[in-house]
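Given as structure tokens, the chain that follows is alone and in the form predicted alone.
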Amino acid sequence: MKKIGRFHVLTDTLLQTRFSHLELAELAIAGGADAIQFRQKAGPSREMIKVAGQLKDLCQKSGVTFIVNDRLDWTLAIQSEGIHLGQEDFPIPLARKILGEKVLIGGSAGTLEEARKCLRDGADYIGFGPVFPTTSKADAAPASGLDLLERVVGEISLPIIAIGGLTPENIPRVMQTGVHGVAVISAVCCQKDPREAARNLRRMLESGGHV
């Protein structure tokens, strides 16, 4: 069975510069993240493949799911166990054809129709959002809100990972929609102590959204 994880942390070196991707992954895992997504929009491919390989090795040793965000070429280069694809990224059906059935493929959706498309295309899970307004993604769509998130959870027969503007204050309400899990960037990466921030969020997940 593919391990999707309930607590995804997307590593980031644009919103913050104190920690490298590898350092953030180490801190997030120490705090309880069970899935790490490598999200890097720019940079020399040779260097990014090296970083992705380091993250993959760390996640394998830690028993944590590793997912490359967007980049099929990097996924192939390091034989990553997972990839996450947005609506404008490499088509999920073609990615499945190239990568095979064993690779975990996630799809992004911000509307019910996009979620239905991810299901039709063969995604293993859906990252749905932004649920709340977010500054972590420059081209983010308008916030979907909790009502639509709950409707997607009820209709789409795939694990739903909520993303976008998630904080310790609103995660309890997110969990009440029945989502499989959450994905965060700023709520861990941009905090003074990423490990403690991750630990706090993990406690909330384990307790159904209540610390």
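Start at 1 with the first residue shown and count on from there. Since this is a predicted model, take the numbers as computed values, not measurements.
The same protein has a further form, the form predicted in complex with another copy of the chain, not shown here; the description that follows concerns it.
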Given 142-150, 168-176, 31-39, 66-74, the stretch touching another copy of the chain in the predicted bound form at heavy atoms within 4.5 Å is 66-74
So in the predicted bound form, does Gln87 come within 4.5 Å of another copy of the chain, heavy atom to heavy atom? yes
Any chance Gly154 has a heavy atom within 4.5 Å of another copy of the chain in the predicted bound form?
no
request  = Using a 4.5 Å heavy atom cut-off, state whether Pro91 contacts another copy of the chain in the predicted bound form.
outcome  = yes
Although the partner isn't part of this model, could you tell me whether Leu58 comes within 4.5 Å of another copy of the chain in the predicted bound form, counting any heavy atom of the residue? no
